[in-house]
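The chain below stands alone and is given as structure tokens, in the form predicted on its own.
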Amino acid sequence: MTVVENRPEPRKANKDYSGLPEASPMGAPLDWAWLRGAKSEWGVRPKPSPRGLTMLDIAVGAYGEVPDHPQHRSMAPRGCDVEGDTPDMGYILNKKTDVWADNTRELYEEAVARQWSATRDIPWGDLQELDDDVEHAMCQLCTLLTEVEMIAADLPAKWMWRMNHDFIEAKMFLCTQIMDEARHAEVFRKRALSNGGGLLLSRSGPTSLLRTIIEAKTYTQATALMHLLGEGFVLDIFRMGELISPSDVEKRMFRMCMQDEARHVAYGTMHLRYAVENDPDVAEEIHEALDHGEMVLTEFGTAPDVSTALAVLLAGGVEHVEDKGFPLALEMTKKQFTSYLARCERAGVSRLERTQIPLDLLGIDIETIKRSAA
């Protein structure tokens, strides 16, 4: 947040408005209160940064102060004068710890600056015909990703209208997440349909995981399940795009999705950290959600269609799936769980003593996790 060292006094009207008409030409009474001055912080002039006028630049004076407990539950812009009879919107997320993260403004600016097009920015014309087994594996993975990506759009949409409007930057960032996820669903659907393969099999496992996320009792629990767990695992798949991609087209697709997914995970991790630091009692609420979420995700991640499709892609076909594909897939699973546990450490909800994940079986070293989280 930009800090104003010497906050100016509110600007006062320097004109005499006493002679203004009291009624319109049609006889309706006029109200000139807005012209005679208000409690707004006149005289505060944010300066554009080299990138332009960002949300960080305008977070000056009282306008940059996000209250822990907003006075109003209306859609009035934070910092304006609010009439006493303004209708209550019925928001239920009225504590800053409910939704805030210290990196919200930065992530919003990054999101709007890095929007891309699944139509223009992927070189669809460069797609080459692949062996049938590799094309099947890519289409199966894209079928799964088309299915799971939209939960990260549905979930913010479910909760945003319940968030106090004083937390406007958080709501704005979540709007970008919804757009990102719509684009991800678009790009994976296009890839499945663009090279002679098509959409393949949908099993019950992904739906069970998505239902667990969407039915979370609180937004904080939902964030833990989606950002720490679900999106975190998908982010690692995107990061492994270089290995699982049979051509440069898929590499480009995974790189573009990765930059978006990393923002979402960064928001969720820092939101949970902010919540726990300011309200330690919320940690148990998060743990309860992750206790269940880990079991569901483990079942999802070990589903045969998911694991075999990844193994075929990693092996470059079925010929070396046993000696190359499955060992690499196991390393990917190890990386995903290690990254997840490190995110939990950074979020202030250590799972190392509580997780039901078989760390020994996967060969996951706790000290490695601690170093990764540092």
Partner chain sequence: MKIDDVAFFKLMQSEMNADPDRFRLLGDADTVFAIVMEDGRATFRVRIRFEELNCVEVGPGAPDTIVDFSLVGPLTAWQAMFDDVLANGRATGLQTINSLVLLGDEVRLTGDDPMGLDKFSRFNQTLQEYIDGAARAAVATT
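Everything quoted here is computed from the prediction, not taken from an experiment. Numbering follows the first chain given and starts at 1.
Below: the form predicted in complex with its partner chain, not depicted.
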| query | finding |
| --- | --- |
| Stretch in contact in the predicted complex with its partner chain, which is absent here, among 161-169, 287-295, 214-222, 249-257 (heavy atoms within 4.5 Å) | 249-257 |
| Touches its partner chain in the predicted complex: Asp88 (any heavy atom, 4.5 Å) | no |
| 4.5 Å heavy atom contact, Leu201 and its partner chain in the predicted complex | no |
| Arg273 within 4.5 Å of its partner chain in the predicted complex, heavy atoms | yes |
| Thr146 within 4.5 Å of its partner chain in the predicted complex, heavy atoms | no |
| Sole residue of His136, Arg78, Arg183, Arg239 within 4.5 Å of its partner chain in the predicted complex, by heavy atom | Arg239 |
| Contact residue in the predicted complex, chosen from Val282, Ala192, Ala262, Val234 - any heavy atom within 4.5 Å of its partner chain | Ala262 |
| Members of 306-340 lying within 4.5 angstroms of its partner chain, judged by heavy atom, in the predicted complex | Met332, Lys335 |
